[in-house]
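This document contains two forms of one protein chain, each encoded as structure tokens and listed individually as structure 1 and structure 2.
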Structure 1
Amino acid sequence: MTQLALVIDLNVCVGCHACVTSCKQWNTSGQAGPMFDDRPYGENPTGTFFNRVQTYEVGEFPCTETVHFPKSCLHCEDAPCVPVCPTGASYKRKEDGIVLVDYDKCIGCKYCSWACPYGAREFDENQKVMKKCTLCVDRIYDESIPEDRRKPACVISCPTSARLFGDVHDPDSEVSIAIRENGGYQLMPEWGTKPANHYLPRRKTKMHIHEDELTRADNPLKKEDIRHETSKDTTLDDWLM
């Protein structure tokens, strides 16, 4: 059984928000659109976005880490948002595990969003239906798109390729390997929702210097063997026969 998902590599994410706006532009004119913006040029502009990038600080100065943290629907394997939906508008696709909302069925009761611990659903205040990341279903199977671009909009745009896309149930997929080899983890595992999306943690490269490396035979200073003037003081040489 296939479970498509995103794997987000916090080790390289620079928090650029490319995934945020490319998601918006793809989806607003796509099957999930349009995506409402309220007061776009006024006070407290707000709108429907499927993906947000947040920032956290870890530790205290100077031992501070700044973590940029993108988040969209995690396409939970045990998606709590689905069974609570009274209309069946929220559903999880059998064939690929994508969790979707059928806007034509949704009555906008918002109950599904209450049942998502991740705050991943957004209500479209204009269409009055619940929306969320579609994993770009209208891209990833579209054969008119070249195969290597048949990925979610946020994935193709991400400048650091911090967003990997694939089948987390296929142990040989890029995403499964990344999860396995780089300590991939899930958000809020305590709820048993089994998010399909995973995150890869920060990984540090350190350098270890051995003392010997500072005192080497090929030290160029040895070539600048400045001959000091010979000492005028008497030495043993003057005495020993």
Structure 2
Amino acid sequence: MTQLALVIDLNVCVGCHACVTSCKQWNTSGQAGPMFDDRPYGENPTGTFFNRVQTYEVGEFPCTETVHFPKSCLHCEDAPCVPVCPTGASYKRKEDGIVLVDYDKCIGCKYCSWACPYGAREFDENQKVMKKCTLCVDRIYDESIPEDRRKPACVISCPTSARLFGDVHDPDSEVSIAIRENGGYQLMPEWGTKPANHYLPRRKTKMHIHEDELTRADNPLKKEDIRHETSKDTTLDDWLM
């Protein structure tokens, strides 16, 4: 059986949010961007994201790394959101394994969000239904779109090609080869949900940072020598002009 999915290479994801922006543009018709749709800077901001990028800093200075971790619905083969849905709104397609929500049947009870161990479900405050990544099912089968662009919007927009799309059950597909050759893994397999999406791990690179590399050579404060004399307990005020 075909199982379409995303394979995300964490080694080349730069956290630019192009996937977030393009996802919102394609799926919500215009309210694009990494900010919330409503009251982004106000009280109780709301909005629906099918795809998010979580960023972490790991390690100790100066040997630190920034890790960007994109996450959306993983289109689990044994999706726990499906059997808990009281109306049958959440379902998994037999023909391609995509998990979808029928908005006409959804009553917004949020059972699916409680059942999903990955936090992939989001409640649309405007339409009062649960939403999530659809793998752009309305795009990948649209024959009016050039064949080479019938991919999820996030895959098309990724500037570093960190995202691959295809059938993870086909051993000869691009995604299966990438998983096999790069040690691809599922997120939290211990839950037994068999996530279809996979991640390719970061590859460690040995790097030694010299002390002089920790000082900015073009620091304007240092160049013009406009620093105040610093006190014993240096604060930011000591560097004000």
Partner chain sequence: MHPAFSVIFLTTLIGVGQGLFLALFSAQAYGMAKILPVQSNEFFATGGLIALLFLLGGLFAAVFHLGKPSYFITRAWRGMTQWRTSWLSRELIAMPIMIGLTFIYMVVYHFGLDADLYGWGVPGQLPLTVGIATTVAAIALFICTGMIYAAVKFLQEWACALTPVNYFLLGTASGFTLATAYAAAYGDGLVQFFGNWAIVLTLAGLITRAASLFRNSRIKRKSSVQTAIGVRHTKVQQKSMGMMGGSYNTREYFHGKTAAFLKSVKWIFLALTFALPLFLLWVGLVMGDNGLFLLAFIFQYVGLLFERWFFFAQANHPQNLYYQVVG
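Everything numeric here is computed off the predicted structure, so don't read it as measured data. Quick note, the numbers are simply positions in structure 1, starting from 1. Throughout, rigid core stands for the largest set of C-alpha atoms superposing within 1.5 Å between the two forms.
- Between the two copies of this chain, it is structure 1 that is the form predicted together with its partner chain.
- With the core held fixed, the Cα of Gln54 is displaced between the two structures by less than 2 Å.
- In this overlay on the rigid core, Glu181 has a C-alpha that sits less than 2 Å away from its partner position between the two structures.
- Once you line up the core between the two structures, the Cα of Glu213 ends up 2 Å or more from where it was.
- Once the core is aligned between the two structures, the alpha carbon position of Lys204 differs by 3.7 Å; this is the C-alpha shift at that site.
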